[in-house]
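The data below hold one chain only, encoded as structure tokens and taken in the form predicted alone.
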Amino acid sequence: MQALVLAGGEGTRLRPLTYTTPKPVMPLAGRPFLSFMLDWLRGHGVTGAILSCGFLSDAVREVLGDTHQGMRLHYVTEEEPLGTAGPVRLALEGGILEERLLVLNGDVLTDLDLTAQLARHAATGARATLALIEVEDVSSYGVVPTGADGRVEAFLEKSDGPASTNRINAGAYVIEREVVESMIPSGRAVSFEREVFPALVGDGLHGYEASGYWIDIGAPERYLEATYDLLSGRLKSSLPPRDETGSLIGTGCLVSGAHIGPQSVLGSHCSVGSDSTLERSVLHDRVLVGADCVIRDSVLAGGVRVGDGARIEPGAMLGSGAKVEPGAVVGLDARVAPGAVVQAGGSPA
């Protein structure tokens, strides 16, 4: 089985982290995010994956390479944004598409049963089958009502009124190659959600009612939520054992005398000084934190330096190489650009 992962977005909601690290390989619980998706695909019989990349595409290939646990990786690069369907056409024109493929949204962390979805697709003779997942609050999503036989009846954009269903598009599709050939034009951006799937309503488009864990990690609060879920084991993974606080501490870290946890992640070669507190936060590689600091519910990108006595409030995100001077406070939900300096009593400079 073949899969194509849509991983070309710039990750604007995760800035400043994604100014220097492309979202597909953003560290999540100490691993490149897409490695979790590739493990999931491999577990459902996928033997080859095509990664559609755009922003910082060379960096994605540098991190993931050409194979993952025996799965062959191919890359297609969008020279300009091609929407959600355009990259699939690009892969077709590159001669690397099989007769049937999975298409996955590269922002999603999930354990949906792709094997069952593929079986449903084959049994119904569908041209395309969409995984649909229930959510409690549909206000941020469009919804996808289906008939009793699973045929998709409409794509309804998000609205303020009551929704006809609480099932939304989960970003996992089974698609026949003939759909790509006949319904995705070449040379321009094309949207599955706005163009291709609405045109397929009543003409071979089915929904698969999926269940299981599902989260879009593209926003800061959901990036942290996914981290906590991985640490707690809510989503099964091959992460190494966590410590007694549910935290994951990478190789070469110095944390003696610090208070680490609960549910924190330290990348490799981090240092947290004596009497500093780190709670429900993520440090990427080579972050240095001085003594007597407090960091809660925040994300610090690689190479950040935090001086003695500094405080970082919940929701803060610090870009690569930023510096927090001794005694400085990084406020609630603050965004600090890569290389910026937060001075005591002042703003990032």
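Residues carry their position along the shown sequence, with the first being 1. Just so it is clear, the structure is predicted and the values come from calculations on it, not from any experiment.
Here the subject shifts to the form predicted together with a small molecule, a form of this protein not shown in this document.
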query	finding
Proximity of Arg335 to the small molecule in the predicted bound form, heavy atoms at 4.5 Å	no
Contact flag, Gly267 vs the small molecule in the predicted bound form, heavy atom cut 4.5 Å	no
Proximity of Tyr141 to the small molecule in the predicted bound form, heavy atoms at 4.5 Å	yes
The small molecule contact at Asn105 in the predicted bound form, heavy atom, 4.5 Å	yes
Interface stretch in the predicted bound form with the small molecule - options 115-123, 141-149, 179-187, 275-283, non-hydrogen atom within 4.5 Å	141-149
One residue of Ile168, Ala210, Leu248, Leu224 in contact with the small molecule, assessed in the predicted bound form (non-hydrogen atom, 4.5 angstroms)	Ile168
Heavy atom within 4.5 Å of the small molecule in the predicted bound form - residue from Ile175, Leu230, Leu82, Leu200	Leu82
